[in-house]
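We begin with a single chain expressed as structure tokens, specifically the form predicted alone.
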Amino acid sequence: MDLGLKEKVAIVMGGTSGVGLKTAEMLLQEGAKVAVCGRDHKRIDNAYQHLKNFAEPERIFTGSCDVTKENEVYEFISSAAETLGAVDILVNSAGRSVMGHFFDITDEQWTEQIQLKYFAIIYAVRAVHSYMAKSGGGRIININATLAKEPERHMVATAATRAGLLNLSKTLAHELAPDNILVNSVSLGLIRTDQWERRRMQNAPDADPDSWYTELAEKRKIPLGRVGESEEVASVIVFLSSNKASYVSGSTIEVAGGLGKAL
């Protein structure tokens, strides 16, 4: 199936690992050009070396960027657009969670989550808008989590800000529709990413990884009985980036193995 992604230019914010990196990889395989950014120079270099397995170097752009700093976001996106020729797709995948109950969360942690879940997206959308509007449209996909609809007490700051991001994404879908820019959300359940790997190593470094994830799925009562993989999320992102999703905007697709009961 031709997804119509050949020669499209995709910006993946936070694309040096996990879901973001897998999305970049799959977009390259579909013939797109891809730019990814991160804060860790070693991860950026590793991502570039990895992505060269799927496309010619001239189809790949990497750069250092703290997504919570407006000037760095604008500089990265403008450099990527100049190098690759356009901006057709924006994937906002940067972010991390903070665990803690309400009275345990510091002001600094609240601020960090607000910066990551709101301003990082605001800066990136502002930066890509003129490019997409000029070329006749585009796609924006915001990576969210099932927490946005079903908060958990031990992740209050992340859940609250993710709920706000869900609202922001819906508003942007209406705001940007006249420019033919489609905005959607992909909400993750438990996905085997670097973040979960760090938790596993911290809590059970000697445990068999597959067994640990199986037990985690059982504990969280995931209906499909397993934790998801990055590729399963990336596949949905690539679809939403494609011509096949030309009438999908303002939607949220959950990639969570049936986890969650919210409508």
Ligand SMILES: NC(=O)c1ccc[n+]([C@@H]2O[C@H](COP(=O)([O-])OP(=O)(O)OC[C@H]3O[C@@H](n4cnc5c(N)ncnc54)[C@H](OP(=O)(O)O)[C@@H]3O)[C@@H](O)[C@H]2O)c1
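The first residue of the sequence shown is number 1, and the count goes up from there. Only a predicted model underlies this, so the values are computations on that prediction, with no experimental measurement involved.
Omitted from view is the form predicted in complex with the named molecule, to which the following refers.
Scanning D194, E231, D45, E215 against the named molecule in the predicted bound form with a 4.5 Å heavy atom cut-off leaves one residue, D194.
Contact with the named molecule in the predicted bound form, defined as a heavy atom within 4.5 Å, holds for exactly one of R39, K52, R226, R200, namely R39. By the 4.5 Å heavy atom rule, the three marked residues M132, L176 and S242 all fail to count as contacting the named molecule in the predicted bound form. Contact check for T68: a heavy atom falls within 4.5 Å of the named molecule in the predicted bound form. The named molecule in the predicted bound form is approached by V19, whose closest heavy atom lies within 4.5 angstroms of it. In the predicted bound form, T171 stays away from the named molecule, with no heavy atom inside 4.5 Å. Of the heavy atoms in R162, some are within 4.5 Å of the named molecule in the predicted bound form.
Of the candidate stretches 79-87, 100-108, 186-194, 122-130, only 186-194 has residues whose heavy atoms lie within 4.5 Å of the named molecule in the predicted bound form. Residue L116 is the only member of 116-140 with a non-hydrogen atom no more than 4.5 angstroms from the named molecule in the predicted bound form.
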